[in-house]
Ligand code: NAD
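Presented as structure tokens, the chain that follows is alone, the form predicted on its own.
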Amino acid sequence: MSNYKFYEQVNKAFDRAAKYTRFEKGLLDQIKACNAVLRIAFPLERDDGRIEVIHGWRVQHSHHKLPTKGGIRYSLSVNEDETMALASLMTYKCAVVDVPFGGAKGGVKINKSDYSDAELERITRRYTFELYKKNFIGPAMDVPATDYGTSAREMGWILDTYRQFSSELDADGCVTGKPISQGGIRGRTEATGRGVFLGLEEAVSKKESMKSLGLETGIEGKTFVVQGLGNVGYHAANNLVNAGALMVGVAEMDGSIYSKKGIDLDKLMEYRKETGGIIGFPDTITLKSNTDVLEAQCDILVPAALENQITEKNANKIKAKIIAEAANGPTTTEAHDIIKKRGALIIPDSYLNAGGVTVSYFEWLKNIQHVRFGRMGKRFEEDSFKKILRVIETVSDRKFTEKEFSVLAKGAGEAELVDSGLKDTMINSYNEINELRYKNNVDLRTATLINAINKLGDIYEQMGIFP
């Protein structure tokens, strides 16, 4: 896939959408451009005493709003082109879901499995220091988060390192995706996958759209294939299964498997934990590679791995009627055109993948406001609900048990409020882009970027040339 320039692919999609907006070329070029690119190299002392040079990047795509926001990935695929592309997508994502951040992205070019935990901690802390030196991190400037190859653990190291150099009151807001004990928020781990499900759920609720695909509305009964059972892929698949969908295919690093009768997600995860892979899982067919399952018969395909997985080489073989882009940039421009011509519905990454940054926004708000979601109102809600239930008891013969009281009178805590906010965001955003889709007679990807460009263009016009 090395022939594909990810940043170029993102800009091709942008240019297609820009034709449907009112903005002149100069302003569009400014929206599209990456404002700041930081390339860093630093030494790592390995556990055995050897010195190794580590390479990393951080890109701030747009400063139309601050802070900028975007994850940090650890992967051998990390390079400047990829980081610029992902930062650009973050800007458009934030605009589409009305999250007031500019887009950013970061990465360190390593194979995480080649390093010990102690070495990974040293890499993370030194990378954070390099960002701090160049003013590329801070709650009001640039806020990293988790991405491919990183987790709450690394975000905790970043926060601890940042605190060693900064005594600011809002220091907890310098990074999101942190452990709960360090200012993280409930629901962040599953947020991107949950957002994928919520976006899909809204998309398949549209009668006109589903009728054109020859499908019934709703998730229940639909078959799906997922590529990648990492954090995003697993939570997307888990939500789909819980809603009544049937998982028939899975791809992982070691290959791909398929079963027309369905694959039990929980048992597969246990099997992978025991064996280190998915190949050989009982009652499944093993396919040749980890991309072959993309071509399997199913209603919904969920590519949740890396970019450029669906290209003009395999697009003609994709049979799914709905492609739900859980990963960033899984479909090239050429492949998009082939699949679109076939009549399939592509739900683009620039919308569907936005659950993570939405909940990261909630975490950032929690950090700078210094109050947990639900703390101010949960008990009041519970007391109010209990009073209503007591009134019902007095005017009827119905008596509620203590268990029923605990369920019916439960106030909204942090997890419930976060999920409610995420659901509202994904539903409203889908309806916005779906309206633009029909208004301009375009596909959802183009409609999503039209939406983003219109919002960004309005801000840039108000800012003028010198913000």
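Note that residue numbering begins at 1 and tracks the sequence as displayed. The shown structure was predicted, so the numbers you read here are calculated from the model rather than taken from an experiment.
Below, we refer to the form predicted together with the named molecule, which is not included among the displayed structures.
Quiz item: With the partner left out of view, is residue 332 within 4.5 angstroms of the named molecule in the predicted bound form by any non-hydrogen atom?
Solution: No - in the predicted bound form, heavy atoms of residue 332 and the named molecule never come within 4.5 Å of each other.
Quiz item: Is residue 301 one of the residues lying within 4.5 Å of the named molecule in the predicted bound form, judged by heavy atom distances?
Solution: It does not: once the named molecule is placed as it appears in the predicted bound form, residue 301 has no heavy atom within 4.5 Å of it.
Quiz item: Contact between residue 358 and the named molecule in the predicted bound form at 4.5 Å, heavy atoms?
Solution: Residue 358: no contact with the named molecule in the predicted bound form.
Quiz item: Looking at the partner-bound form in the predicted bound form, is residue 201 within 4.5 Å of the named molecule by any heavy atom?
Solution: No - in the predicted bound form, heavy atoms of residue 201 and the named molecule never come within 4.5 Å of each other.
Quiz prompt | Contact residue in the predicted bound form, from 156, 138, 230, 187 (heavy atom within 4.5 Å of the named molecule) | solution = Residue within 4.5 Å of the partner: 230.
Quiz prompt | Contacting member of 315, 327, 247, 108, with respect to the named molecule in the predicted bound form [4.5 Å, heavy atom] | solution = Partner contact (heavy atom, 4.5 Å) among the options: 327.
Quiz item: In terms of non-hydrogen atoms within 4.5 angstroms, which of the given stretches 390-398, 205-213, 279-287, 221-229 touches the named molecule in the predicted bound form?
Solution: Selected range: 221-229.
Self-check item: Residues of 146-165 having any heavy atom within 4.5 Å of the named molecule in the predicted bound form, listed in sequence order
Solution: Contacts from 146-165: 146, 147, 148, 149.
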